[in-house]
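A single chain comes next, written as structure tokens; it is the form predicted alone.
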Amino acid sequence: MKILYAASEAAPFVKTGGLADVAGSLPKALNEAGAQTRVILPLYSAIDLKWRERMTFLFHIDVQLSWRRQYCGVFCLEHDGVTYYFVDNEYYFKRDSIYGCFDDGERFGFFSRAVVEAIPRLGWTPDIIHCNDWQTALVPIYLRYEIADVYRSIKSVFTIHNIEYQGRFGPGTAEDVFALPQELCDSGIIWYENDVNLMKGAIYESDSVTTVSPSYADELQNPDFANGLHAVVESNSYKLSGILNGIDTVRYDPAKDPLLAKNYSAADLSGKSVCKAELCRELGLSDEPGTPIIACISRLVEHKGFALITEALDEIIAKGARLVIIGTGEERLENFFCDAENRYRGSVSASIMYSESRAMRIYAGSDMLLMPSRSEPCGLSQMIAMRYGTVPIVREVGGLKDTVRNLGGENANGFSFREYSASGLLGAVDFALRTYRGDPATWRLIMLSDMTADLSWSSSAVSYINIYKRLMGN
């Protein structure tokens, strides 16, 4: 079974968010489960020289994208037992940023077209092309309308990581940029509110649609969560599966993580207090005995629930907690937390940056992780936090609902609340603080349960393998 995994980013080569973590670890797990999985992604200028020096040039082709004919070079390297292909075109990928360019539609249209047209030259024809989010949504559409024999047996899987980002472009792009067949335009498969909608097209044209947690799969058929595509998802629900993401448990291991002040494990938690003391020193937080640190490690955007945190912040501090924020995003939220740091010196820290090393020190040095998301397809931060013995406090939505079980219920491993409100958040925070201070034995049991839970990709990989087998008729 040969799988070509197409993504716009993959760790450790280039990363802006959770997709990179998935694309960097799921293919390895699929190979361990018996598949032959290879990954293809753009060769961005942001990819470090240490990786480029290991790449081998394979071939180049000219890719036709409507009236444009563009150079496409293909390089490869092997990492962790997985073969990675890199699509080279400096005009499209030698940019200061991965996303957010004026011509993103054309850039990823080129990438999708290159994925399809490179297949005959790879010397390796996949049975399945597994695509991810709008940046590769054109691949299953292009595949559907290819007539060459090499493509006829290839099936496609499309994973929705976040339906808020759908790849919507003006109506003129259908022909001028993407060269989409007229029948697609006439049928409405790619149209939404007078725009081209690439995600909508992929949902219809792929052979299987997956998303990143069972609860999110249900939510996507609800108008409150699907950003206008609930009817599209519902009409394709016969081919929809929700498969919970995992994390790379080798990379995220507090017993071996080189970024920590002191390593620790479920068998010996002593290093966690050292990490906490060092984090307080690094961030200028007061280090009073018994004072809990609550962390938020996230993009600073509305759907992550930061409206609730801004409303509840004063009361969280009044309860005697320390609050640590790291991330970048909306300017008003960045400014709010910078101001909060100035108002609450020693109690609030705001790192307006993306820094993996600091983020890992925050995971290790904090007592709790707060994720009050309005929507959360899966969430990786809560699972990384659990791995590091940092107890999650989450809203019961999407993958957070599927991974965190509230204290007082069966197999409790954290704290949760249902209502999207500051009072709901404060209720969960207060419950966590009372448990942390008043019942250290229970708190320790939660920590140990989190640290020893199976958060790997193993079971998820088997679920994907079963989908691939079904598509191949096995």
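Only a predicted model underlies this, so the values are computations on that prediction, with no experimental measurement involved. Sequential numbering from 1, following the sequence displayed.
Note that the form predicted in complex with a small molecule isn't included here; everything after this is about it.
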Work out which of C378, V196, V404, L279 lies within 4.5 Å of the small molecule in the predicted bound form, going by heavy atoms.
C378
Exactly one residue in Q166, S366, N245, T136 has a non-hydrogen atom within 4.5 Å of the small molecule in the predicted bound form; which is it?
N245
Quick check: do V22, V212 and K304 each get a heavy atom within 4.5 Å of the small molecule in the predicted bound form?
yes
Go through 176 to 184, 234 to 242, 347 to 355, 157 to 165 and give me the stretch that gets within 4.5 Å of the small molecule in the predicted bound form, heavy atoms only.
157 to 165
Can you tell me if P12 lies within 4.5 angstroms of the small molecule in the predicted bound form, counting non-hydrogen atoms only?
no
